[in-house]
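In structure tokens, the next block holds one chain alone, the form predicted alone.
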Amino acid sequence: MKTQSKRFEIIADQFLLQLQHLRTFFQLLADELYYTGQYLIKKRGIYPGEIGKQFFFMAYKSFPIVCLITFLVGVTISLTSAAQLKLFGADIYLSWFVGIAMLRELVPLMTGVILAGKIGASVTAEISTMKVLDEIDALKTMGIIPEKFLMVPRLIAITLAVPLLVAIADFVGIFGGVMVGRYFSGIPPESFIREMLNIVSLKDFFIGLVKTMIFGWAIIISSGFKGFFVKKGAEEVGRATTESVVLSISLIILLDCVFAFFLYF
């Protein structure tokens, strides 16, 4: 009986702890939205050069890996689809599938996962290291709000970087589909593009853009959440960074499921 009671207490404690973490996460999200809106209105409290620095890191430094991955994904999904469509003599519809899949689903999802592994890990490692070295406390001593000073530039930078990355990733991913259509299905590039434009519209592009934007915000908030509440010790920095990437990718998948429910049902 005592053993069962002890197990129940452990489960209850873990449940309450997770609820506390959830509450803290949403509290941080609300604070960041408030601080970002406050900065955009008053243009004070943030060093503008930090926004440019973060934008350079998030956009330019992420450009090669995003292009490579989305191109390979475009080629892979096109090869898989072309093989099935050829069985029914519907090769020309490859452009429809590639256009919708890349713009609405694959580019936002893959870009979000890449940013979670690259940017999310970096932000968490930086903030958690500052926390462990008491630099966060030093900012508070100087009258600076760390959540505003450190997070707002990153939120603004990811908001500016995502449209560029999504536009480039869409182009590169579709280009991979065009190459597969040309060399494996015998579809001329002009026919591929013309057929794709019959079914794809700007609405599809903006759906993918909005999804990726929300994924980017989720990554930054998750990274800050794990960074600000890290425990003392170098080992905890590594653990927080790993947990940040896992949390970010989990949120991306969850949000993608929510989007799918509202878009297709």
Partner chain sequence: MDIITVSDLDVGYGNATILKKLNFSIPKGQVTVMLGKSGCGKSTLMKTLIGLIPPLKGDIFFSGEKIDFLSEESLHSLYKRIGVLYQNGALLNSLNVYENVALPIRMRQESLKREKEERAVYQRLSQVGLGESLEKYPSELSGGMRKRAALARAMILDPEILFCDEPSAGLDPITSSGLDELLLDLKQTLGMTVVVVTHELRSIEKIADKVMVLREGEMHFSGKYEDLFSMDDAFIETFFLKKGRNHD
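Residue numbers count along the first chain shown, from 1. Please read all numbers here as calculations on a predicted model, not as lab measurements.
Here the subject shifts to the form predicted in complex with its partner chain, a form of this protein not shown in this document.
TODO: Choose one stretch from 169-177, 92-100, 141-149, 112-120: the one whose residues place a heavy atom within 4.5 angstroms of its partner chain in the model of the complex.
DONE: Partner-contacting stretch among the options: 141-149.
Task: Contacting member of V66, I221, V230, I46, with respect to its partner chain in the model of the complex [4.5 Å, heavy atom] - done: In short, I46.
Task: in the model of the complex, the residue from L85, L164, V75, M130 that sits within 4.5 Å of its partner chain by heavy atoms - done: It is M130.
Open item on the list: Residue-level question: is K53 within 4.5 Å of its partner chain in the model of the complex, judged on heavy atoms?
Closed with: It does: once its partner chain is placed as it appears in the model of the complex, K53 has a heavy atom within 4.5 Å of it.
- [ ] Check whether E190 has any heavy atom within 4.5 Å of a heavy atom of its partner chain in the model of the complex, and answer yes or no.
- [x] Outside the cut-off, so no.
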